[in-house]
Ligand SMILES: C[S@@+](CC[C@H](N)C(=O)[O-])C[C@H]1O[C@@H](n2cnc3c(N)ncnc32)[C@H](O)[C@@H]1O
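Read the single chain below, which is given as structure tokens and is the form predicted alone.
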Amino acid sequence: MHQPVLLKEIIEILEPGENENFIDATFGEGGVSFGISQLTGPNGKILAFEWDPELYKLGVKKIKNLKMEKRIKLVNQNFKNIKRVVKQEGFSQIKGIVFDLGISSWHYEKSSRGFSFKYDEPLDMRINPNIKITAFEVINYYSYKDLVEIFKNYGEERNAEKISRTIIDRRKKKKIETSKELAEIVAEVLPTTKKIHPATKIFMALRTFINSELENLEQGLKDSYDVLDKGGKIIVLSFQGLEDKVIKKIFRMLKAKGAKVITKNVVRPTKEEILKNPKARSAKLRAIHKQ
């Protein structure tokens, strides 16, 4: 079973009890849902969201294989629709909601959509095929000004101008078609460091922009508070600074409504966890309590 980052800490803060109901806003490979469900038997239920239709199908299969259909309901929806889905499903008495915002390892390793610069894959980067724009269209047809804005606003890339100019020069000669091509172009512009690939922020910016991740997060967090039971908790695990800014902004709003921030200091993974899973190094956990 895939082990999510900071699962132990999520469970400690959430304190799931017998027959309690929870929402997993980002099912992914199911680690959080299955972790919680072990502690909420015999009748505690989980409403789980998975926006990627391929990952959703794999999740349905996994739930069936583990004979958990009566306790975990997986929907192929984005968490921005949390209020509508909760109403449709008649899901109530919600004691906690977990958002694990890290993109699934499956997306990097198996989706073949160009999320990773390690592979030579088509520039797609859509989490859901209903999204109209792909990374190919952004890279090959967006103006210099638009590219600079995307790289700065969604990736905090300081060299956005230089990279955008190079992309536009290259695409005049030949369309930039794959993740590897794009990564190589960025690597030519920026110096390579041992710690982080020079294309990391560009890839993050494209993915965040194409999938409207920050806008969806803001909507999902606001609405999740409304569906949560009094005394319930929201936990958010983020992996990049822009997500964390949105979380802090919404938590400030919720605090003004009377909520209590549980994590005065952000919770981070231990050195042991980072050694086991290097992707955990940038994780930040924040939690809030509805009074």
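Note that residue numbering follows the sequence shown and begins at 1. What you see is a predicted model, and the numbers here were worked out from it, not measured in a lab.
Heads up, the form predicted together with this ligand isn't pictured, but that's what we're talking about next.
This ligand is not drawn, but in the predicted bound form it has a heavy atom within 4.5 Å of Leu101. Contact check for Asn78: a non-hydrogen atom falls within 4.5 Å of this ligand in the predicted bound form. In the predicted bound form, no heavy atom of Tyr225 sits within 4.5 Å of this ligand.
Although the partner is absent from this view, Trp51 contacts this ligand in the predicted bound form, with a non-hydrogen atom inside 4.5 angstroms. Gly31 is the sole member of Gly31, Gly44, Gly59, Gly232 with a non-hydrogen atom lying within 4.5 angstroms of this ligand in the predicted bound form.
Stretch 93 to 101 is the answer when you ask which of 163 to 171, 130 to 138, 145 to 153, 93 to 101 has residues with heavy atoms within 4.5 Å of this ligand in the predicted bound form. For the candidate spot formed by Ser116, Pro198 and Lys279, no residue has a non-hydrogen atom within 4.5 angstroms of this ligand in the predicted bound form.
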